[in-house]
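Single chain ahead, by itself, as structure tokens, in the form predicted alone.
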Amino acid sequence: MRVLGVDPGLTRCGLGVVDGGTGRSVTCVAVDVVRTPADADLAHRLLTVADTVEQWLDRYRPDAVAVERVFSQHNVRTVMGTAQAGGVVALGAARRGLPVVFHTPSEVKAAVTGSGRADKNQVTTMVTRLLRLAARPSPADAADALALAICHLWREPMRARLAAAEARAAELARTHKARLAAARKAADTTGSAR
């Protein structure tokens, strides 16, 4: 499976494509950061992010897109920009029929380092080691994008199995309720015929 990981942002938007192999083996395909000037018009900044992401979607053809979930931050302006950048990424993926999954920062940190409280340096170190990179991805947004892709590759199979099990359990519950209702109706019909 190939995953495009995106660490959304307006000033810097990290992009990383990772291939997952057998077991937990992962390979870096590409990594970069989209930059937009802080003094540029918001619409043009979003357009730059959207255009670049769409080029990556067309060039690398991922099977899924993993985006960092916007978490409550103190700076509302930063949260808005991050959410808007994440939205244009999700839109580009949806246009291509690709699944988009949002992962929280703590999920990503836990998947890559084993601790949901890891700092950026620890995440970058583990991403470098896991992907056997010659140099540390820089800036941190690039490492975060790769970490998102790795997180998705490692967590999604379990999440998909859980979702399938939940759907199967719900279907069994519906079937059971329908059988109970039919049995009650048959009992009521038999009882009133006497």
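Keep in mind that this is a model prediction, so the values were computed, not measured. The first residue of the shown sequence is 1; numbering continues from there.
The same protein also exists as the form predicted together with another copy of the chain; that form is not shown, yet it is the one meant from here on.
Residue contact check for residue 110: none of its heavy atoms lie within 4.5 Å of another copy of the chain in the predicted bound form. Remark: residue 95 counts among the residues lining another copy of the chain in the predicted bound form, judged by a heavy atom distance of 4.5 Å or less. Residue 87 belongs to the set of residues with a heavy atom inside 4.5 Å of another copy of the chain in the predicted bound form.
Under a 4.5 angstroms non-hydrogen atom cutoff, another copy of the chain in the predicted bound form lacks residue 63 among its neighbouring residues.
Comparing 130-138, 147-155, 51-59, 28-36 against another copy of the chain in the predicted bound form, the single stretch with non-hydrogen atoms within 4.5 angstroms of it is 51-59. Within 4.5 angstroms of another copy of the chain in the predicted bound form, the stretch 38-66 places a non-hydrogen atom from each of 41, 42, 43, 46, 47, 50, 51, 54, taken in sequence order.
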